Ligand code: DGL
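Only one chain is shown below, in structure tokens, and it's the form predicted alone.
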């Protein structure tokens, strides 16, 4: 193979893609890269159309498929939907309907199943709280999955529709922001005071963990999804050599956003923990 063709192939193929409606997926990406730093990654944030939580099923599916196809076009062999709303409302359709038609050898995975596989065993009271967007809570995806995996676990859910806007606008440390967070947590515990494990079922929410921890009762464990998803992905790649063998190992990261690059860079670097440079793209 001519050298220039080989370099093109290496540059364009073999990556892991991470897609989110905004900045939240960076909390998942950070954990995945810490666990498996050897691979090449692409992050795509659909910041211009965030948040997804209050949008219709059809629109979320449309937006998510656009993001997945873009990442496939950039050479991703595997795409992680680092968005609970997209995982709840678009993942199954993409896996069953679209992949066989557009990319039968590629894979798209979500964040709900890896999270629910561990939750039931972590609760002593058998009562687990789920904090998520309206889309995730209304889908009851966590309730459905936990009914299969841990049928004795009681699931209490609370939608927090203002949390993503608080994060995207960096208003979560304001007095009003803290009041909103406290109020939503109060509503969760009003449903059942025996909750001893809370799952942050939106990848944006770990950014609020310090505030959340300050408002929950002592002894309540607050779980973020990043560590759960990263370990499950590592195990998935170990079991699926046909995917893992196609991944390139350059320890690289490329970032794309549907918002302006300057806007993304200013916010994302703070969340990710190191400077990021993103390129603006359009999805359609």
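Residue numbers count along the first chain shown, from 1. No experiment lies behind these values; they were computed from the predicted model shown.
There is another form of this protein, the form predicted together with the named molecule, and it is not shown here; the text below is about that form.
- Residues within 4.5 angstroms of the named molecule in the predicted complex, judged by any non-hydrogen atom, belong to 83-91 and to none of the other stretches in 169-177, 98-106, 67-75, 83-91.
- Residue contact check for residue 164: one or more of its heavy atoms lie within 4.5 Å of the named molecule in the predicted complex.
- Although the partner is absent here, residue 45 sits far enough away that none of its heavy atoms falls within 4.5 Å of the named molecule in the predicted complex.
- Mapping the unseen interface onto this chain, residue 133 counts among the residues with a heavy atom inside 4.5 Å of the named molecule in the predicted complex.
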